[in-house]
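A single chain comes next, written as C-alpha cells; it is the form predicted alone.
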Amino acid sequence: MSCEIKAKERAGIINPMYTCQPAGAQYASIGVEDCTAIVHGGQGCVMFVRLLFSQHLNENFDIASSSLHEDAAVLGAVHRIEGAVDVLLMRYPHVKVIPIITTCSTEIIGDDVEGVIRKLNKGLLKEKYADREVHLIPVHTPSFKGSQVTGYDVAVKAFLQHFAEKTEPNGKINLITGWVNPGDVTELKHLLRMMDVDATVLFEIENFDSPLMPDGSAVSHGSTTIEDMKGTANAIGTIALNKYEGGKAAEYLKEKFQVPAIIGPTPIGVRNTDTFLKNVSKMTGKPIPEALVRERGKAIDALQDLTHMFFADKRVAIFGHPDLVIGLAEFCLDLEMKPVLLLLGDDNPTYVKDPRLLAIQEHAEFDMEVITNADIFELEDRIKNKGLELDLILGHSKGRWVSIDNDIPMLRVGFPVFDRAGYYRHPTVGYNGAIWLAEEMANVIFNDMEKKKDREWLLAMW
C-alpha cells in the first residue's frame, strides 16, 4: 500500500478551490480593530472577496479599493493610493490601521507602495491628519503566485513586523489561529480559559458572530488591537496553529525578538488537541485541569459510539486549505476511515516535505494520493473517469456539484461555506470540534443510507 504526494499533472485550473493572495490578506485585516484595508487594484479585487466573506459569515465588511482603471494600469497608480488614504481617513474618523494590499496588476506595473507610504507619512498625514494615529502597512500579495492561504500568511507577518515592539514581558502567549471561523475562536478561548492562560489571539474574529442588540450597538468587527500586536514581542511564546497560515509570523517573532515558537499541529481531533494543550502547558507551566480531561472523555465517548459501526473503512476525499486538509486526514485516520485523496490547491513547493504528510505516507495501509496545486476538477475527474469510489467528501461549498452530480454525501467544512446555515458558529478544533465533526459526518452518512436504502435499518438499532 502506498501514499503518493505529487503535483497536478494537467496544466491550467478548472474550478479552483482557492482564490488569490489578496483575499487572504483581506481576511487577516478584518480581524484588526480600527482597521480598513485598501486593496490596490481593480474594484473586483474587493467586491468579489467581500461577497465571499459575506456569504460565509452572513455579515458585511468594510474593505476599500484604490479602484484602478486602464489609464492607471498603463501610467502607474500610486496617486490612487494617495487619494484612497485621504478619502478613507476623511470618511471614517475611527480608522487607525490601513494595510495597502497589492494585487497582480499593481505588482506587474511596479507601483512603489513603500515609497508612497513614506510620502504620505511625511506629507498628508502630518499636514492634514496630525492629530490622528494612522499606520500605513505595505502588504505585497501578487495574485499570479500563491493563493489566499499564502496571502493570509504574508499579511499576518506584515502586521507584526510593523507593530511588534520589545518592552517588558507581559506574561501572555500569542495564539495565531490561522484562517478559522468565529466558532473556532470561541472554542480556543474556552480551552485557554480552562487552563487559566492569558493569550493574545491573532486575529480575533469571534465578534463576527455578532448579536442584533435593541440599541443597535453591536457590529461585526475584528477586535485585535494595536496594543495587542505591539505586545506580541513581549510574550512568553507563540503558538501558531497552522503552519501555512501564521507560521511566518511566529518565525519572525522568534528570530527578531527571541519569542519561542511552536508551529502546529492544527488541533483537529482528540490527538491533535491533546498535543495543543500539552504545548500550552509546557509553554506556560499551567497544568491541564481535570475539567478538560472530562471534556476529552466526552469526545472519546462520542467518537467511540460511531467509529467501528459507521466510520471504519469509509473512503474519504478531502480538499481545502492545507492545514485543514491535513488535520482532517489525521482525524479520519484516528476514526478508522481511509482518506484516499487529499487535494491541496496552490503551488507551495514545501508541501511534499511536510512532516505530517510524510508521516501519513510512511504509515499508509491503503492506497492514497496527495495532489498539490490541485483544483476541484481533480476530484471530479477521478470519480467520473478513473473509478475512484468514495463514501464521503469533506470540503467547502465550491465542491457541492461534485457531490450532487455523483450522489456522494459531503460535509461542508472550511472556507467558503455558503449553502448551509450557521456552520461558521461551530468549531472544528478542540474536543467540542471533534464531537461536532464526527457527528456531522455521521449525519450526512446516515442521510445517504436512508436515501439509498443502504442498511438504513441499522439506524433504528444502534
Partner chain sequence: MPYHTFKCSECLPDRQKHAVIKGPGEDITSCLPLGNLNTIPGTITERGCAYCGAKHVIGTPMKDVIHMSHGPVGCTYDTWMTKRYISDNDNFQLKYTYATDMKEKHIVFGAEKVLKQNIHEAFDAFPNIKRMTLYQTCSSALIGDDMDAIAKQVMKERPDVDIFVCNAPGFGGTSQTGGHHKINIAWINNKVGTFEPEIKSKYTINYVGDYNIQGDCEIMTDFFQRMGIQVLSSFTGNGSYDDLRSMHKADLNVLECARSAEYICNELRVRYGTPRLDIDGFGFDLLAESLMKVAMFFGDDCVAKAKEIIDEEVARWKPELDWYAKRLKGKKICLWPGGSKLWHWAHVIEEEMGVKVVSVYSKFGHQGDFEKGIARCGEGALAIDDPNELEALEAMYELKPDCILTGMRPGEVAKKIRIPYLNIHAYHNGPYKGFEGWVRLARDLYNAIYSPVMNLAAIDISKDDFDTDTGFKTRTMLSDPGTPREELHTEHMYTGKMDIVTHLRGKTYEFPAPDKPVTDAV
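Numbering follows the first chain given and starts at 1. Just so it is clear, the structure is predicted and the values come from calculations on it, not from any experiment.
The protein also exists as the form predicted in complex with the partner chain; that form is not presented, and the subsequent description refers to it.
This chain is displayed without the partner chain, yet in the predicted complex the stretch 81 to 89 from 81 to 89, 328 to 336, 352 to 360, 297 to 305 comes within 4.5 Å of it by heavy atoms. Between the partner chain and the residues Glu133, Asp347, Glu255, Asp198, the one pair within 4.5 Å by heavy atoms in the predicted complex involves Asp347. Each of Ala11, Pro16 and Ala64 is positioned with at least one heavy atom within 4.5 Å of the partner chain in the predicted complex. Looking at Ser220, you'd find a heavy atom of it within 4.5 angstroms of the partner chain in the predicted complex. Taking the partner from elsewhere, Trp436 is found to have every heavy atom lying beyond 4.5 Å of the partner chain in the predicted complex. Taking the partner from the other structure, the partner chain in the predicted complex has no heavy atom within 4.5 Å of any heavy atom of Ala164. Contact annotation: Arg420 falls outside 4.5 Å of the partner chain in the predicted complex, judged by heavy atom distances. Within 4.5 angstroms of the partner chain in the predicted complex, the stretch 406 to 430 places a non-hydrogen atom from each of Phe415, Pro416, Phe418, taken in sequence order.
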